[in-house]
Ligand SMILES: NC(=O)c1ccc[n+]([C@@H]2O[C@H](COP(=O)([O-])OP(=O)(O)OC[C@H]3O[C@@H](n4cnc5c(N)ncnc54)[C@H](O)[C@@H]3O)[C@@H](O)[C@H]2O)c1
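Next comes just one chain, in structure tokens: the form predicted alone.
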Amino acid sequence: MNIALIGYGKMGKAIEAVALERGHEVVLKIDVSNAQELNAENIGKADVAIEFTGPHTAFENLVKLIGLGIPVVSGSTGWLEKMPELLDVINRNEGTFLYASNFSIGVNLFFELNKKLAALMHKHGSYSVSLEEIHHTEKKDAPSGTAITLAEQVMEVYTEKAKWVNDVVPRPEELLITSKRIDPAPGTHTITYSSEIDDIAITHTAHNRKGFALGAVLAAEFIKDRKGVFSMKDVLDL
């Protein structure tokens, strides 16, 4: 499989290493220094694009890639308020797209555990729920996309929570996400249920970027010959 990497920072390099290990070829690498090379001629060499950029460029990149007819895997965060617009672009172009806030196989299993625990805990009103995420200091957005996904899963059960808030004292109808930036943490996410008697918590701790990179390559392998919009639940058959 020929892969175009849109974003060639630490994550892009980790994806490249895993892709090569799995017998794929990286035929295009786009970063801020050569953004003009993201064009029809160059992208035509690839079977699929993997996009890991920043919140200020991701949406524009995704619209362009879908318009060029390339299946796209994206892990960029901070742009999701424009997802309805992107879905319209995908539908008009009969495109292929897979987004995940976190591609790690372990995190996606953790998502399922989070939903199950929330359903169990909601019946017990003496427990309050909160989230914490820890990442390295170079992470550009807070809270993390993974933390937002976890919070949204909790709020599907805790319907009395109208929204999540970040690093402020929450009101009763708000779900608190605390964000910390500590090097060299690749990513730690904890959901805690606290009462006067005890605490119950689940935590996922990433040790390096390889789990994210492997999941992104697995996602690219999955969508290569498909049409439509997919998630890691489809890739992992969850």
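In this text, residue numbers run from 1 along the sequence as written. Keep in mind the model is a prediction, meaning the values are calculated, not measured.
One more form of this protein should be noted, the form predicted in complex with the named molecule, which is absent from this view; the next part is about it.
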Answer with yes or no whether Ile223 is in contact with the named molecule in the predicted bound form, where contact means some heavy atom within 4.5 Å. no
For Ala35, is any heavy atom within 4.5 Å of the named molecule in the predicted bound form, or not? yes
Contact between Gly67 and the named molecule in the predicted bound form at 4.5 Å, heavy atoms? no
Does at least one non-hydrogen atom of Leu214 fall within 4.5 angstroms of the named molecule in the predicted bound form? no
Quick one: find which of 84 to 92, 114 to 122, 139 to 147, 152 to 160 has residues within 4.5 Å of the named molecule in the predicted bound form by heavy atom distance. 139 to 147
Judged by heavy atoms and a 4.5 Å cut-off, are Tyr8, Ile30 and Ala100 together in contact with the named molecule in the predicted bound form? yes
Since the partner is left out here, which residues of 52 to 82 would have a heavy atom within 4.5 Å of the named molecule in the predicted bound form? Phe52, Thr53, Gly54, Pro55, Thr57, Asn61, Gly75, Ser76, Thr77
